[in-house]
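In the block that follows, a single chain appears as C-alpha coordinates, in the form predicted alone.
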(Lines give C-alpha, C1' and ligand atoms only; values in the text may rest on other atoms or scores of the structure.)
Protein backbone atom coordinates (compact mmCIF):
# COMPACT_ATOMS: atom_id res chain seq x y z
CA UNK A 1 0.00 0.00 0.00
CA UNK A 2 1.28 3.48 -0.87
CA UNK A 3 1.43 6.12 1.86
CA UNK A 4 1.38 9.91 2.01
CA UNK A 5 1.78 12.57 4.70
CA UNK A 6 -0.16 15.87 4.65
CA UNK A 7 -0.93 18.77 6.95
CA UNK A 8 -4.51 18.82 5.75
CA UNK A 9 -6.41 16.49 3.44
CA UNK A 10 -9.38 17.92 1.56
CA UNK A 11 -11.68 15.22 0.20
CA UNK A 12 -13.94 16.46 -2.57
CA UNK A 13 -13.15 18.72 -5.52
CA UNK A 14 -16.38 20.67 -5.82
CA UNK A 15 -16.70 24.40 -5.05
CA UNK A 16 -16.65 23.90 -1.26
CA UNK A 17 -13.56 21.69 -1.35
CA UNK A 18 -11.72 23.96 -3.77
CA UNK A 19 -12.51 27.03 -1.67
CA UNK A 20 -11.30 25.21 1.45
CA UNK A 21 -8.07 24.32 -0.37
CA UNK A 22 -7.58 27.93 -1.45
CA UNK A 23 -8.13 29.28 2.07
CA UNK A 24 -5.73 26.72 3.54
CA UNK A 25 -2.97 27.19 0.98
CA UNK A 26 -3.19 30.99 1.32
CA UNK A 27 -2.43 30.50 5.02
CA UNK A 28 0.67 28.46 4.20
CA UNK A 29 -0.71 24.99 4.91
CA UNK A 30 0.39 21.94 2.95
CA UNK A 31 -2.81 20.86 1.22
CA UNK A 32 -3.58 17.62 -0.61
CA UNK A 33 -6.95 17.44 -2.35
CA UNK A 34 -8.48 14.08 -3.27
CA UNK A 35 -11.38 13.37 -5.59
CA UNK A 36 -12.84 10.17 -7.01
CA UNK A 37 -13.44 11.65 -10.46
CA UNK A 38 -10.87 12.18 -13.24
CA UNK A 39 -11.16 15.96 -12.83
CA UNK A 40 -12.52 18.41 -10.28
CA UNK A 41 -15.57 20.66 -10.49
CA UNK A 42 -17.67 18.40 -12.70
CA UNK A 43 -21.02 19.36 -11.22
CA UNK A 44 -19.91 22.99 -11.20
CA UNK A 45 -19.20 22.80 -14.93
CA UNK A 46 -22.48 21.07 -15.75
CA UNK A 47 -24.48 23.56 -13.69
CA UNK A 48 -22.81 26.35 -15.64
CA UNK A 49 -23.58 25.01 -19.09
CA UNK A 50 -26.49 27.36 -19.59
CA UNK A 51 -24.74 30.25 -17.86
CA UNK A 52 -22.92 30.09 -14.51
CA UNK A 53 -25.10 31.73 -11.86
CA UNK A 54 -22.36 32.62 -9.41
CA UNK A 55 -24.34 34.50 -6.76
CA UNK A 56 -27.17 37.02 -6.34
CA UNK A 57 -27.08 40.79 -6.02
CA UNK A 58 -29.92 41.27 -3.55
CA UNK A 59 -29.33 42.88 -0.16
CA UNK A 60 -28.12 40.91 2.85
CA UNK A 61 -31.52 40.58 4.54
CA UNK A 62 -33.47 38.99 1.66
CA UNK A 63 -30.38 36.97 0.67
CA UNK A 64 -30.14 35.43 4.15
CA UNK A 65 -33.88 34.74 4.22
CA UNK A 66 -33.48 32.29 1.30
CA UNK A 67 -31.98 29.75 3.69
CA UNK A 68 -35.23 29.30 5.58
CA UNK A 69 -34.97 27.35 8.81
CA UNK A 70 -31.16 27.16 8.48
CA UNK A 71 -30.72 30.91 8.26
CA UNK A 72 -29.20 31.30 11.73
CA UNK A 73 -26.55 28.67 10.96
CA UNK A 74 -25.77 29.83 7.42
CA UNK A 75 -25.46 33.57 8.10
CA UNK A 76 -22.06 33.20 9.82
CA UNK A 77 -20.79 31.41 6.69
CA UNK A 78 -21.91 34.36 4.58
CA UNK A 79 -19.98 36.67 6.90
CA UNK A 80 -16.87 34.74 5.83
CA UNK A 81 -17.68 34.91 2.12
CA UNK A 82 -20.71 36.90 1.03
CA UNK A 83 -22.06 37.71 -2.44
CA UNK A 84 -19.96 40.84 -2.96
CA UNK A 85 -16.82 39.12 -1.71
CA UNK A 86 -17.51 36.26 -4.11
CA UNK A 87 -17.73 38.69 -7.02
CA UNK A 88 -14.46 40.29 -5.96
CA UNK A 89 -12.89 36.82 -5.72
CA UNK A 90 -13.98 36.10 -9.31
CA UNK A 91 -12.57 39.44 -10.44
CA UNK A 92 -9.28 38.45 -8.83
CA UNK A 93 -9.22 35.45 -11.14
CA UNK A 94 -9.65 37.76 -14.13
CA UNK A 95 -13.35 36.93 -14.50
CA UNK A 96 -15.59 39.99 -14.70
CA UNK A 97 -19.22 39.63 -13.61
CA UNK A 98 -22.51 41.36 -14.31
CA UNK A 99 -25.96 41.50 -12.74
CA UNK A 100 -28.77 40.12 -14.91
CA UNK A 101 -32.30 41.45 -15.06
CA UNK A 102 -33.37 38.98 -12.37
CA UNK A 103 -30.66 40.17 -10.00
CA UNK A 104 -28.58 37.05 -10.54
CA UNK A 105 -24.83 37.46 -10.99
CA UNK A 106 -23.02 35.81 -13.91
CA UNK A 107 -19.53 35.88 -15.43
CA UNK A 108 -19.53 38.25 -18.41
CA UNK A 109 -18.94 35.36 -20.81
CA UNK A 110 -21.58 33.27 -18.92
CA UNK A 111 -19.21 30.29 -18.80
CA UNK A 112 -17.97 28.19 -15.89
CA UNK A 113 -14.94 26.63 -17.60
CA UNK A 114 -12.70 29.74 -17.84
CA UNK A 115 -13.29 30.53 -14.17
CA UNK A 116 -12.51 26.96 -13.12
CA UNK A 117 -9.32 26.89 -15.24
CA UNK A 118 -8.09 30.15 -13.70
CA UNK A 119 -8.97 28.90 -10.23
CA UNK A 120 -7.09 25.61 -10.64
CA UNK A 121 -4.07 27.43 -12.06
CA UNK A 122 -3.96 29.63 -8.97
CA UNK A 123 -4.39 26.67 -6.61
CA UNK A 124 -1.58 24.69 -8.25
CA UNK A 125 0.68 27.75 -8.18
CA UNK A 126 -0.05 28.04 -4.45
CA UNK A 127 1.13 24.48 -3.90
CA UNK A 128 -2.15 22.56 -3.65
CA UNK A 129 -1.52 18.99 -4.75
CA UNK A 130 -4.38 17.25 -6.57
CA UNK A 131 -4.95 13.51 -6.43
CA UNK A 132 -7.57 12.49 -8.97
CA UNK A 133 -9.26 9.11 -9.26
CA UNK A 134 -8.71 8.66 -5.52
CA UNK A 135 -11.96 7.31 -4.07
CA UNK A 136 -12.21 7.57 -0.32
CA UNK A 137 -13.05 4.15 1.13
CA UNK A 138 -14.55 5.45 4.33
CA UNK A 139 -11.38 4.64 6.24
CA UNK A 140 -10.97 7.26 8.97
CA UNK A 141 -8.75 5.94 11.74
CA UNK A 142 -6.97 7.66 14.60
CA UNK A 143 -4.61 6.53 17.31
CA UNK A 144 -6.84 6.45 20.37
CA UNK A 145 -3.79 6.64 22.65
CA UNK A 146 -2.53 9.83 21.05
CA UNK A 147 -5.02 12.73 21.18
CA UNK A 148 -4.43 15.03 18.24
CA UNK A 149 -2.52 12.38 16.30
CA UNK A 150 -2.94 12.38 12.51
CA UNK A 151 -5.94 10.73 10.93
CA UNK A 152 -5.33 7.78 8.63
CA UNK A 153 -7.43 7.89 5.47
CA UNK A 154 -7.79 5.08 2.98
CA UNK A 155 -8.25 5.64 -0.76
CA UNK A 156 -8.63 3.40 -3.79
CA UNK A 157 -6.46 4.74 -6.62
CA UNK A 158 -5.40 3.55 -10.08
CA UNK A 159 -1.99 2.42 -8.80
CA UNK A 160 -3.46 0.66 -5.77
CA UNK A 161 -4.75 1.58 -2.34
CA UNK A 162 -3.27 4.65 -0.68
CA UNK A 163 -3.02 5.43 3.04
CA UNK A 164 -2.88 9.15 3.86
CA UNK A 165 -1.80 10.57 7.21
CA UNK A 166 -3.35 14.01 7.78
CA UNK A 167 -3.33 16.21 10.86
CA UNK A 168 -6.73 17.63 9.87
CA UNK A 169 -9.36 16.62 7.32
CA UNK A 170 -11.92 18.70 5.41
CA UNK A 171 -14.72 16.61 3.94
CA UNK A 172 -16.56 18.26 1.04
CA UNK A 173 -18.20 15.20 -0.46
CA UNK A 174 -21.39 16.67 -1.87
CA UNK A 175 -24.92 15.49 -1.35
CA UNK A 176 -26.89 12.84 -3.18
CA UNK A 177 -27.83 14.37 -6.51
CA UNK A 178 -26.12 13.77 -9.86
CA UNK A 179 -24.30 10.65 -8.69
CA UNK A 180 -22.60 10.26 -12.07
CA UNK A 181 -20.64 13.43 -11.28
CA UNK A 182 -19.47 12.13 -7.91
CA UNK A 183 -22.16 13.20 -5.43
CA UNK A 184 -23.47 9.76 -4.59
CA UNK A 185 -23.91 9.99 -0.81
CA UNK A 186 -21.71 6.93 -0.21
CA UNK A 187 -20.21 8.70 2.79
CA UNK A 188 -23.47 8.72 4.79
CA UNK A 189 -23.09 5.34 6.56
CA UNK A 190 -19.37 5.86 7.08
CA UNK A 191 -19.87 9.03 9.12
CA UNK A 192 -23.03 7.77 10.83
CA UNK A 193 -21.11 4.70 12.02
CA UNK A 194 -18.51 7.02 13.56
CA UNK A 195 -21.15 8.81 15.64
CA UNK A 196 -21.73 11.81 13.41
CA UNK A 197 -25.42 12.74 13.19
CA UNK A 198 -26.66 12.50 9.61
CA UNK A 199 -30.16 13.36 8.36
CA UNK A 200 -31.46 11.34 5.38
CA UNK A 201 -30.58 12.81 2.01
CA UNK A 202 -33.61 14.21 0.18
CA UNK A 203 -34.18 15.84 -3.23
CA UNK A 204 -34.02 19.64 -3.27
CA UNK A 205 -34.57 22.06 -6.14
CA UNK A 206 -36.48 19.24 -7.72
CA UNK A 207 -39.48 18.58 -9.92
CA UNK A 208 -42.73 16.90 -8.92
CA UNK A 209 -45.14 14.36 -10.34
CA UNK A 210 -48.71 15.47 -10.99
CA UNK A 211 -50.17 12.64 -13.02
CA UNK A 212 -51.29 14.42 -16.18
CA UNK A 213 -53.87 12.97 -18.49
CA UNK A 214 -52.32 11.31 -21.57
CA UNK A 215 -53.65 14.17 -23.70
CA UNK A 216 -51.98 16.89 -21.61
CA UNK A 217 -48.72 14.98 -21.26
CA UNK A 218 -48.42 14.24 -24.97
CA UNK A 219 -49.36 17.74 -26.11
CA UNK A 220 -47.63 19.98 -23.55
CA UNK A 221 -44.62 18.18 -21.99
CA UNK A 222 -41.61 20.46 -22.33
CA UNK A 223 -43.63 23.65 -22.71
CA UNK A 224 -43.22 26.54 -20.23
CA UNK A 225 -45.80 28.29 -18.11
CA UNK A 226 -44.65 31.89 -18.49
CA UNK A 227 -45.67 34.90 -16.41
CA UNK A 228 -47.48 32.91 -13.75
CA UNK A 229 -47.31 33.00 -9.96
CA UNK A 230 -47.50 30.27 -7.37
CA UNK A 231 -48.43 30.19 -3.71
CA UNK A 232 -48.33 27.44 -1.11
CA UNK A 233 -49.07 27.09 2.59
CA UNK A 234 -48.28 23.81 4.30
CA UNK A 235 -50.06 22.08 7.17
CA UNK A 236 -47.60 23.62 9.65
CA UNK A 237 -48.47 27.14 8.54
CA UNK A 238 -45.22 27.71 6.62
CA UNK A 239 -45.89 29.70 3.46
CA UNK A 240 -44.38 30.30 0.08
CA UNK A 241 -45.97 33.63 -0.74
CA UNK A 242 -47.33 34.69 -4.10
CA UNK A 243 -44.29 34.87 -6.39
CA UNK A 244 -44.07 35.42 -10.13
CA UNK A 245 -41.89 33.49 -12.54
CA UNK A 246 -42.14 30.50 -14.78
CA UNK A 247 -41.96 26.73 -14.71
CA UNK A 248 -42.17 23.86 -17.18
CA UNK A 249 -44.59 21.00 -17.74
CA UNK A 250 -42.83 17.63 -17.88
CA UNK A 251 -44.23 14.31 -19.06
CA UNK A 252 -45.16 13.47 -15.48
CA UNK A 253 -45.51 16.82 -13.74
CA UNK A 254 -43.72 20.14 -13.26
CA UNK A 255 -40.21 21.51 -12.78
CA UNK A 256 -38.30 24.76 -13.22
CA UNK A 257 -37.05 27.72 -11.22
CA UNK A 258 -40.37 28.76 -9.70
CA UNK A 259 -41.12 25.20 -8.59
CA UNK A 260 -37.59 24.74 -7.24
CA UNK A 261 -37.98 27.82 -5.05
CA UNK A 262 -40.86 26.17 -3.19
CA UNK A 263 -39.59 22.59 -3.45
CA UNK A 264 -38.51 22.19 0.17
CA UNK A 265 -41.96 23.00 1.53
CA UNK A 266 -43.69 20.95 -1.16
CA UNK A 267 -41.43 17.93 -0.60
CA UNK A 268 -41.95 17.95 3.16
CA UNK A 269 -45.73 18.32 2.81
CA UNK A 270 -45.91 15.35 0.44
CA UNK A 271 -43.80 13.27 2.83
CA UNK A 272 -46.12 14.13 5.72
CA UNK A 273 -49.50 13.94 3.99
CA UNK A 274 -49.09 12.18 0.64
CA UNK A 275 -49.71 15.20 -1.57
CA UNK A 276 -49.40 18.98 -1.71
CA UNK A 277 -51.85 21.45 -3.25
CA UNK A 278 -49.99 24.19 -5.06
CA UNK A 279 -51.98 27.27 -6.07
CA UNK A 280 -51.21 28.67 -9.51
CA UNK A 281 -52.20 32.18 -10.61
CA UNK A 282 -52.38 32.01 -14.40
CA UNK A 283 -52.76 35.78 -14.80
CA UNK A 284 -50.87 37.47 -11.94
CA UNK A 285 -50.96 40.88 -13.61
CA UNK A 286 -54.77 40.94 -13.56
CA UNK A 287 -56.84 41.38 -10.44
CA UNK A 288 -59.45 38.82 -9.44
CA UNK A 289 -62.16 41.42 -10.14
CA UNK A 290 -60.85 42.07 -13.66
CA UNK A 291 -60.66 38.37 -14.42
CA UNK A 292 -64.17 37.73 -13.12
CA UNK A 293 -65.59 40.60 -15.17
CA UNK A 294 -63.99 39.32 -18.37
CA UNK A 295 -64.97 35.68 -17.80
CA UNK A 296 -68.61 36.64 -17.09
CA UNK A 297 -68.80 38.98 -20.07
CA UNK A 298 -71.37 37.64 -22.55
CA UNK A 299 -69.60 35.51 -25.15
CA UNK A 300 -72.39 34.98 -27.65
CA UNK A 301 -71.64 32.17 -30.07
CA UNK A 302 -67.91 32.00 -29.29
CA UNK A 303 -66.48 28.87 -27.67
CA UNK A 304 -65.23 29.20 -24.12
CA UNK A 305 -61.65 28.72 -25.32
CA UNK A 306 -61.98 31.58 -27.81
CA UNK A 307 -63.77 33.70 -25.22
CA UNK A 308 -60.91 33.31 -22.71
CA UNK A 309 -58.36 33.97 -25.40
CA UNK A 310 -60.12 37.06 -26.68
CA UNK A 311 -61.00 38.62 -23.33
CA UNK A 312 -57.95 37.60 -21.27
CA UNK A 313 -55.29 36.35 -23.67
CA UNK A 314 -55.53 32.97 -21.96
CA UNK A 315 -54.49 30.28 -24.42
CA UNK A 316 -52.09 27.44 -25.10
CA UNK A 317 -50.72 25.59 -22.10
CA UNK A 318 -52.41 27.93 -19.60
CA UNK A 319 -55.83 27.28 -21.09
CA UNK A 320 -55.05 23.57 -21.29
CA UNK A 321 -54.09 23.47 -17.60
CA UNK A 322 -57.40 25.09 -16.70
CA UNK A 323 -59.27 22.38 -18.62
CA UNK A 324 -57.00 19.67 -17.18
CA UNK A 325 -57.72 20.61 -13.58
CA UNK A 326 -61.38 21.67 -13.74
CA UNK A 327 -62.59 19.05 -16.21
CA UNK A 328 -65.49 19.42 -18.60
CA UNK A 329 -68.07 19.87 -15.85
CA UNK A 330 -66.05 22.50 -14.00
CA UNK A 331 -65.56 24.52 -17.17
CA UNK A 332 -69.34 25.07 -17.38
CA UNK A 333 -69.31 27.00 -14.08
CA UNK A 334 -68.10 30.50 -14.99
CA UNK A 335 -67.67 31.64 -11.39
CA UNK A 336 -65.48 28.62 -10.76
CA UNK A 337 -63.50 29.27 -13.93
CA UNK A 338 -62.87 32.89 -12.91
CA UNK A 339 -61.72 31.86 -9.45
CA UNK A 340 -59.50 29.10 -10.82
CA UNK A 341 -57.67 31.40 -13.22
CA UNK A 342 -56.41 33.31 -10.17
CA UNK A 343 -55.98 30.32 -7.85
CA UNK A 344 -55.84 27.00 -9.66
CA UNK A 345 -55.16 24.09 -7.29
CA UNK A 346 -52.52 21.75 -8.70
CA UNK A 347 -52.09 18.54 -6.70
CA UNK A 348 -48.48 17.36 -6.54
CA UNK A 349 -48.16 13.66 -5.74
CA UNK A 350 -44.43 12.95 -5.40
CA UNK A 351 -41.03 14.58 -5.61
CA UNK A 352 -38.86 13.37 -8.43
CA UNK A 353 -35.95 11.04 -7.47
CA UNK A 354 -32.96 12.59 -5.75
CA UNK A 355 -30.56 11.80 -8.59
CA UNK A 356 -32.64 14.03 -10.88
CA UNK A 357 -32.61 16.92 -8.42
CA UNK A 358 -30.33 19.92 -8.81
CA UNK A 359 -29.26 19.56 -5.19
CA UNK A 360 -30.11 17.65 -2.04
CA UNK A 361 -31.23 18.39 1.49
CA UNK A 362 -30.27 16.40 4.55
CA UNK A 363 -26.73 15.32 5.35
CA UNK A 364 -24.47 16.03 8.31
CA UNK A 365 -26.64 17.59 10.97
CA UNK A 366 -25.50 21.07 11.91
CA UNK A 367 -25.89 20.28 15.60
CA UNK A 368 -23.31 17.51 15.07
CA UNK A 369 -20.78 20.24 14.20
CA UNK A 370 -19.33 23.09 16.17
CA UNK A 371 -19.22 26.68 14.90
CA UNK A 372 -16.01 25.86 12.99
CA UNK A 373 -17.86 23.04 11.19
CA UNK A 374 -15.80 20.42 13.03
CA UNK A 375 -17.55 17.14 13.77
CA UNK A 376 -17.99 16.90 17.53
CA UNK A 377 -17.52 13.13 17.35
CA UNK A 378 -14.35 13.40 15.22
CA UNK A 379 -12.01 16.15 16.45
CA UNK A 380 -9.95 17.48 13.57
CA UNK A 381 -12.48 16.45 10.92
CA UNK A 382 -14.43 19.29 9.30
CA UNK A 383 -17.37 19.18 6.88
CA UNK A 384 -18.44 21.67 4.21
CA UNK A 385 -20.73 22.21 1.26
CA UNK A 386 -23.79 20.31 0.17
CA UNK A 387 -23.06 17.35 2.44
CA UNK A 388 -24.35 19.50 5.32
CA UNK A 389 -28.01 19.51 6.33
CA UNK A 390 -29.22 22.72 4.70
CA UNK A 391 -30.75 23.73 1.40
CA UNK A 392 -31.23 26.84 -0.70
CA UNK A 393 -33.00 27.73 -3.93
CA UNK A 394 -31.22 28.18 -7.22
CA UNK A 395 -30.26 31.73 -8.11
CA UNK A 396 -26.71 31.75 -6.73
CA UNK A 397 -27.67 31.10 -3.12
CA UNK A 398 -26.64 27.45 -3.09
CA UNK A 399 -23.25 28.05 -4.68
CA UNK A 400 -22.44 31.08 -2.52
CA UNK A 401 -23.16 29.32 0.77
CA UNK A 402 -21.37 26.13 -0.33
CA UNK A 403 -18.20 28.07 -1.08
CA UNK A 404 -18.57 30.12 2.11
CA UNK A 405 -18.82 26.94 4.19
CA UNK A 406 -15.54 25.82 2.62
CA UNK A 407 -13.90 28.99 3.94
CA UNK A 408 -15.34 28.40 7.42
CA UNK A 409 -14.22 24.75 7.53
CA UNK A 410 -10.74 25.69 6.32
CA UNK A 411 -10.36 28.43 8.93
CA UNK A 412 -11.62 26.00 11.54
CA UNK A 413 -9.02 23.42 10.59
CA UNK A 414 -6.26 26.05 10.73
CA UNK A 415 -7.45 27.00 14.19
CA UNK A 416 -7.44 23.34 15.17
CA UNK A 417 -3.87 22.84 13.94
CA UNK A 418 -2.73 25.94 15.84
CA UNK A 419 -3.99 24.64 19.17
CA UNK A 420 -1.31 23.21 21.46
CA UNK A 421 -1.44 19.42 21.91
CA UNK A 422 -0.75 17.58 25.12
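Keep in mind that this is a model prediction, so the values were computed, not measured. Residue numbers count along the first chain shown, from 1.
The form predicted together with a small molecule exists for this protein as well; it is not shown, and the discussion that follows is about that form.
- In the model of the complex, no residue of the candidate spot (216, 232 and 321) has a heavy atom lying within 4.5 Å of the small molecule.
- Heavy atoms within 4.5 Å of the small molecule in the model of the complex are found in exactly one of 22-30, 374-382, 64-72, 49-57, that being 49-57.
- Put simply, of 178, 247, 220, 130 only one has a heavy atom within 4.5 Å of the small molecule in the model of the complex, and it is 178.
- The small molecule in the model of the complex is not approached by residue 361, whose heavy atoms all lie more than 4.5 angstroms from it.
- Looking at residue 409, you'd find every heavy atom of it more than 4.5 angstroms from the small molecule in the model of the complex.
- With a 4.5 Å cutoff on heavy atoms, residue 242 does not count as touching the small molecule in the model of the complex; it lies far away.
- In the model of the complex, no heavy atom of residue 194 sits within 4.5 Å of the small molecule.
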